[in-house]
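Form predicted alone, single chain, as structure tokens, below.
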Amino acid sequence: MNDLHGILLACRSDANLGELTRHRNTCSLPFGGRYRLMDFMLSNYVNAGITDVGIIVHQSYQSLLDHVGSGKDWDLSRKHGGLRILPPFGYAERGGDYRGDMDALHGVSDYLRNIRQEYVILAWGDTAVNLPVAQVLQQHLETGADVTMVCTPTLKGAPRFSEYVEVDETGRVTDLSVHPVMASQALESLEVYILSKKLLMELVNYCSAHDIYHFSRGVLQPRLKTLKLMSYIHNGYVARFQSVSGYFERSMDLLDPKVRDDLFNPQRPIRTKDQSNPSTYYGPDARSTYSLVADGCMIEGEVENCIISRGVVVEKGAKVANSVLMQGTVIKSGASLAYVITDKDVTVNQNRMLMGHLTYPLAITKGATV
């Protein structure tokens, strides 16, 4: 798809995710045992034939850089175009954090001016969704929209962090609510947009001159009558991550085969960094039920209703239930865990008991020994 350029916004680290984002950007948060959140939108771009992608980063992005590398695993390592990491020190003219998405886009305005394609897709990289981007572009062209925004009828986000749209019978957006007190009964915006490069540059320049730094509140809301803003309704599964309990719930969703079939549609595969791990070893007394276990693990204890990432060790006599264990976690013999999220390289010592709750899971920070 040579007419579409991908911009991935990966410049926020959501403090509402607590320990999970203390050491990383939200987009590089592990999910599903093998993936990072940014894998989903990046794969959506590649599956639509997009060959040029710019990732806007700002803070805590070392793990993101380690993960994407040159973009080879997404077929984006190219002599011309391909994957480009856009750090703040290379483009931003002002200090401090980006205040919003338009602020971030202005920070990389030199890059935007050199885009070769006629159209641009903008999206945050911290949403897990398998989106048919080619269909979104096709609808954008057929409707003659100025901006097409992707929406879902299934409300998943917390109202104070979400945006809601109302549409008429043609799908044109008639109202847009940004971070209301209560959830609307309308559609929820996924903050994924397609527009022309020409319009994007006009909006970026205008916002820079008028100190406007939010796309939804500063650009779209005041222009609902002057811009033809169309909705694309995505009826598939969507996972948004705005709290520790929300991360836990969305992780547990993956134990449902219907969710996995939708999110990991083989016709639009989700790519990730290849680590070439060996197969997981199960000891003679091991028991694993209703769980997703990645490669490279050693399971000798009991695992039930869990998401187990690469390289996890569950020793003999250990019991883990209703938990999410990230890469390199070691659960020693006699330990018992329930409703726990362990970040990377956590060690739970012998005979320790850790217990959270479905609505308040216990999150253990990266590299901790308990």
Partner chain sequence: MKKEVVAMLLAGGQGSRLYALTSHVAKPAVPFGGKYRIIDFPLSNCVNSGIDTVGVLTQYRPLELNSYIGSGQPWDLDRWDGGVHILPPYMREGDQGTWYKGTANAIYQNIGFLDMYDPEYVVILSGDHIYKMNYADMVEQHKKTNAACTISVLEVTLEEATRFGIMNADENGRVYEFEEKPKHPKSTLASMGIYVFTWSKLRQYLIDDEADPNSSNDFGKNIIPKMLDAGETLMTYRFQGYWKDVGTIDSPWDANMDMLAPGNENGINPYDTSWPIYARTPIRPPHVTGVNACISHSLVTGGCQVDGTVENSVLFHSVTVEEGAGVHYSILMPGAVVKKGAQVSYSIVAEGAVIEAGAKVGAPPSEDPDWGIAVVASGVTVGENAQVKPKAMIREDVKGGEQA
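All values derive from a computational prediction rather than experimental measurement. Positions refer to the first chain, counted from 1.
Only in words, not in the display: the form predicted together with its partner chain, which the text now covers.
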27 to 35, 322 to 330, 57 to 65, 340 to 348: which one contacts its partner chain in the model of the complex at 4.5 Å, heavy atom to heavy atom? 27 to 35
My question is simply whether residue 162 lines the interface with its partner chain in the model of the complex - judged by any non-hydrogen atom within 4.5 Å. no
When the contact criterion is heavy atoms within 4.5 Å, does residue 297 count as touching its partner chain in the model of the complex? yes
Proximity of residue 78 to its partner chain in the model of the complex, heavy atoms at 4.5 Å: no
In the model of the complex, does residue 189 come within 4.5 Å of its partner chain, counting heavy atoms only? no
Since exactly one of 216, 251, 288, 130 fits, which has a heavy atom within 4.5 Å of its partner chain in the model of the complex? 288
Position in contact with its partner chain when the complex is considered in the model of the complex, options 72, 179, 116, 99, heavy atoms within 4.5 Å: 72
Stretch 255 to 286: residues contacting its partner chain in the model of the complex, 4.5 Å heavy atom cut-off: 260, 264, 269, 270, 271, 274, 276, 277, 278, 279, 280, 281, 282, 283, 284, 286
